[in-house]
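For reference, the chain that follows is the form predicted on its own, supplied as structure tokens.
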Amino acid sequence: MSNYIFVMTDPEYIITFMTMIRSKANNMIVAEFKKNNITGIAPSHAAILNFLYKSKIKLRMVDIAEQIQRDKSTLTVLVNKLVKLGYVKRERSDEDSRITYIVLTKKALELKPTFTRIARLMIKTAFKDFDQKEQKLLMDKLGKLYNNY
């Protein structure tokens, strides 16, 4: 057994710490999906569905990729799975047949209340013991960190 102690507050471990937080959040999402009998969907699919839920317009793949920070090839694999599961469909533009939109299906819309509950639980868990000022400060600092890359 090593005497080494992993110190989360040491700046040299910031990326490792963020990865650990992401892993815990993803595990929580997967557990919530299981509790709600949502099968076949991973947290990466949830990011796409949540973005589509919030959007009021039809979206192209490039729009979704930009917003959820995924490259087009990765997004294509994720969307193909959502199409196969019946949560989204592809729709050709009437004006330009080269443009394809990704649209939620009725099956996906029926999941929206569950996704909303899970999203609220995730936020509540993330900000437990944070006051409003601390929440804003954290989001400001995370935004600054994100922009550094």
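Nothing here was measured: the structure is a model prediction, and the numbers come from that model. A residue's number is simply how far along the shown sequence it sits, counting from 1.
Missing here is the form predicted in complex with the DNA; even so, the following discussion is about that form.
Undergrad: So, a 4.5 angstroms cut-off on heavy atom distances: do all three of A42, Q69 and S97 pass it with respect to the DNA in the predicted bound form?
TA: Verified in the predicted bound form; spot residues all in contact, yes.
Undergrad: Counting non-hydrogen atoms within 4.5 angstroms of the DNA in the predicted bound form, say which of M28, L111, A119, M61 makes the cut.
TA: Only one option qualifies, and that one is M61.
Undergrad: Exactly one residue in R90, K35, K107, K54 has a non-hydrogen atom within 4.5 Å of the DNA in the predicted bound form; which is it?
TA: By the 4.5 Å heavy-atom cutoff, the listed residue in contact is R90.
Undergrad: Can you name the residues of 65-80 that have a heavy atom within 4.5 Å of the DNA in the predicted bound form?
TA: Heavy-atom contacts within 4.5 Å come from Q69, R70, D71, K72, S73, T74, T76, V77, L78.
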